[in-house]
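Below, in structure tokens: the form predicted alone, a single chain.
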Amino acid sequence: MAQEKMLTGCSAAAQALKLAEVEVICSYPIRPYTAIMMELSKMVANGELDAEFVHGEGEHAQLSVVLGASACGARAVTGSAGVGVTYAFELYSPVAGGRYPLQMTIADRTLDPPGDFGSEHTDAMSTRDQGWILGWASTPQEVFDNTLMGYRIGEDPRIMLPQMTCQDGYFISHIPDKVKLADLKQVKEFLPPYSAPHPISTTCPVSHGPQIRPDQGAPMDAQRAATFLDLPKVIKEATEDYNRIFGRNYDPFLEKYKLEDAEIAFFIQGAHSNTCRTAVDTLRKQGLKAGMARPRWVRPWPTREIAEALGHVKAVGSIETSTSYGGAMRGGNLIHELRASLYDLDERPLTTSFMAGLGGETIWPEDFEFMAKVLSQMVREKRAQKYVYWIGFEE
């Protein structure tokens, strides 16, 4: 019988990895993700999990260890946060290009400067063009579920890609919430054993990661691009199976909250969406038709689903918890792709962005009220006065 427990996001990730029966784990401490590895190390030491636990000498080494493990045919996991994510950057493209479906479990943290240890999505968002499946959870429950779904999707023979399963540092990683766990029987029904197509073997040698000629590079890149075109179908299949087996109700790509008749909408990812839902409810009581859209995956980006969900809305505000200095809209990362997703519509919503939650700051209900006023003014005036607002610095 599946249990329900109060778990932090870190504990939820560890419990899911245990049920996934990971075989190789590589750790290196950096808060706030470290608690995941602490839990896993205890499971291995107590005989609850039959896995090889390796302590790397740094984040670059972590990725190197699990790359090799995945190449040998093991289900592997590592993780990091903040500057640890960026320290390992050299390995991301080789892991994805080699088609090693290992998983990194990320508890977000700001980069330096300011290095204030607060939650911010800039660390993992910096990797979004490296060929990994990338998405954020909004609750410890979703951390648990995304961890299992990540392996199912990434290890699919049609895909074979690594995954970053992200959660907001502290807001999710260290705050307990109710989590419905799963029976091992359910997990085995959903998640088959990992079967590497060409594992490293002394009896059947193959080349992994060789240097290639310039004319061989473009075909490899085209192959990876084609895989990302196939990825939404696999995500949809996996999500439908997960909902059926575990009794969940996830949309494969986009959480839609009170969008059916919405005139203004917030576009947001991660933990702050919980406050956003409450703010939407409050705004509705005040007579304002507000709604929320939350992408569950950033890679692949749900272009069509966003256009369908937000095409009727009059104004959309993208809430940014990562930075994109000097970008087209002078704000964060999400607004660029949100605008591109809406571009081909005959009638496009007005758009703007709100820099909020940076450095681990809380996005308060009154902040959402301020954003709603801006969006409502845009609707009245039929234009955006600015394309980026820094919450807390605006009059």
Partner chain sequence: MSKKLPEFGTINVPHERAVPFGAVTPAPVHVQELFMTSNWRIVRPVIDNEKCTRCLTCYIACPDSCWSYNEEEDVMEWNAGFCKGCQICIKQCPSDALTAVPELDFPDGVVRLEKPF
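Given the structure is predicted, the values throughout are model-derived calculations rather than measurements. Positions refer to the first chain, counted from 1.
The protein also exists as the form predicted in complex with its partner chain; that form is not presented, and the subsequent description refers to it.
None of 102 to 110, 220 to 228, 81 to 89, 250 to 258 except one has non-hydrogen atoms within 4.5 angstroms of its partner chain in the model of the complex; the exception is 220 to 228. Residues Val187, Arg244 and Gly287 are none of them found to lie within 4.5 Å of its partner chain in the model of the complex, as judged by heavy atom distances. The partner is absent here, but in the model of the complex a heavy atom of Gly98, alone among Pro176, Gly98, Gly115, Pro192, sits within 4.5 Å of its partner chain.
Proximity of Glu308 to its partner chain in the model of the complex falls within the 4.5 Å heavy atom cutoff. Of the heavy atoms in His208, some are within 4.5 Å of its partner chain in the model of the complex. Contact between Gln216 and its partner chain in the model of the complex is found at the 4.5 Å heavy atom cutoff. Within this chain, Met160 lines the site of its partner chain in the model of the complex, having a heavy atom no more than 4.5 Å away. Shown without its partner, the chain has no residue in segment 128 to 152 with a non-hydrogen atom within 4.5 angstroms of its partner chain in the model of the complex.
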